[in-house]
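Form predicted alone, single chain, as structure tokens, below.
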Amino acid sequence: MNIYRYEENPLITPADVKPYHDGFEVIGAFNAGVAEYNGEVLLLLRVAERPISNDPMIVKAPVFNPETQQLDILEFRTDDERYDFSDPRVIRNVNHSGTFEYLTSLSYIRVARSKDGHRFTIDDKPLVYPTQTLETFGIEDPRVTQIGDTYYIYFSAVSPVGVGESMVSTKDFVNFTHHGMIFGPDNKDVLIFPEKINGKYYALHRPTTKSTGNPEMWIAESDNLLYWGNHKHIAGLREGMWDSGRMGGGAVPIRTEKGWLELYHGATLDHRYCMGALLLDLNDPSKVIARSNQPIMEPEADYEKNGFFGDVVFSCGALVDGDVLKMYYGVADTSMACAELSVKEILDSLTYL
């Protein structure tokens, strides 16, 4: 597979983003949704900001308060035996294994703009910011689907009651309509197809099960983009392979002559994230035609291997020009990068089922 990583990579790093909140530091500018609007490439960044603690014994947790529309900053002592601080991203209650009490950062969506897709300027203020109860821990990992002249922006909404997928829409990236939560907890990695198929809208999603099952890919259909049903499981984990630990959608599906091309992320049990592809039937995208046995792209560059959470290549969105696929992707849960690949080479690399 021929992969051209941009010389400017990483295109956007936390150091490029001025904190929106006083007394905070930006620790992540990554996993951005991708759109084209008014002759520009827009990256809808997930910006993660963390309150600065000048005391090594104090860990702070920002929580959005929907009543005041402000942030509350909670403080925890690292010698408090009720809590586990081993993961810098979360504060866990030791008596509730597998769950977290608070996040140590707050995420929201901010726009980076570029005329050439290589060099970006970043807006000073958020594009989409938490506004209500189901977003008190922040909004994460946006994706963008354009249908006609409307851009549908959907993202993980995080709160004490779980992680679900919420959506807003816009025609101009200034005025927004909020549609609420379209996939309830626990669910993420939603991707809405860019056109109707046989009169229906389709979306990929990744429910997280706590009783049985694994973090795997599903598909659902809708008449109106708001209410989703006829859920079907379409692709699962593969023991001993690059997607043996978890998997989920990455880029919005791309129509090709051979089928819908979905660039997805897969991780091993030790959390090494690579990118592969599924090919879905054009007329029935619940049918998987082909799949990557080997990763199309894996962490190799230093900025992919080292960061807040290393060894991560996380596809976010792709722009296609003829055979050239420009994939914007998150690296090491820290920054954004871009690589160009051949659509034909990707399709030729797949194993047909």
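Start at 1 and count along the sequence shown; that's the residue number. As the structure is a prediction and not an experimental result, all values here were calculated from the model.
A second form of this protein, the form predicted in complex with a small molecule, is not displayed here; the remarks below concern that form.
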Inset, instruction - Sort through Leu103, Ile153, Leu280, Ala277 and report the residue having a heavy atom within 4.5 Å of the small molecule in the predicted bound form. - result: Leu103
Inset, instruction - Could you work out which of Ile182, Val158, Val252, Leu127 is the residue within 4.5 angstroms of the small molecule in the predicted bound form, going by heavy atoms? - result: Val158
Inset, instruction - Indicate whether Val163 is a 4.5 Å heavy atom neighbour of the small molecule in the predicted bound form. - result: yes
Legend entry - 4.5 Å heavy atom contact, Lys188 and the small molecule in the predicted bound form: yes
Inset, instruction - Flag Arg89 as yes or no: does it have a non-hydrogen atom within 4.5 angstroms of any non-hydrogen atom of the small molecule in the predicted bound form? - result: yes
Inset, instruction - Report yes if any heavy atom of Glu221 sits within 4.5 Å of a heavy atom of the small molecule in the predicted bound form; otherwise report no. - result: no
